[in-house]
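The chain that follows stands alone, in the form predicted alone, written as structure tokens.
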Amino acid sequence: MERIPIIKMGPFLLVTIQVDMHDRLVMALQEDLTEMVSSNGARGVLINISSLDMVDSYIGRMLGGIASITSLMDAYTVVVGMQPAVAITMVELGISLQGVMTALNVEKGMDLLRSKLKLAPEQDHEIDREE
């Protein structure tokens, strides 16, 4: 089965979605991310959707679900790179990503995660889980 790669970067996990998402792939991503947050003690998840031309209601709900799950596991989730057409379509369909932080690009998303964890860029590898 096809999988989306998840890259560990210090206390963060980076996911770049570069293929069209189907239901099984979204479920596999959710399971893989949950496992990696748990096994790596990740404090933040950054999901780059800049390559997606369309996000349907199921994928929108799953992104919200991922954010809820990671929040319960003491990690923040930021979705970055949303195309304007995707944002417009989501609003028109009534899809909201409640509880999901968003940023314009990966750099701004990493800055947002760092600010949530009160980290300077050079501290990404020095995080203490006992805050």
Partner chain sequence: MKLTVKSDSLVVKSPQEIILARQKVREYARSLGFNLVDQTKLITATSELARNMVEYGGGGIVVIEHIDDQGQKGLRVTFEDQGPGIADLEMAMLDGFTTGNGLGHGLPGAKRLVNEFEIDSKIGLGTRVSIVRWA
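Keep in mind that what you see is a predicted model, and the values were worked out from it rather than measured. Residue numbers count along the first chain shown, from 1.
Another form, the form predicted together with the partner chain, is not on view; read the next lines as being about it.
Enquirer: Report yes if all three of E35, I69 and Y76 come within 4.5 Å of the partner chain in the model of the complex by some heavy atom, otherwise no.
Expert: Per the other structure, none of E35, I69 and Y76 touch the partner chain.
Enquirer: Can you check 42 to 50, 25 to 33, 88 to 96, 101 to 109 and let me know which stretch has heavy atoms within 4.5 Å of the partner chain in the model of the complex?
Expert: Among the candidates, contact is made by 88 to 96.
Enquirer: Test of understanding: in the model of the complex, would V55 fall inside 4.5 Å of the partner chain by heavy atoms?
Expert: Yes, contact at 4.5 Å.
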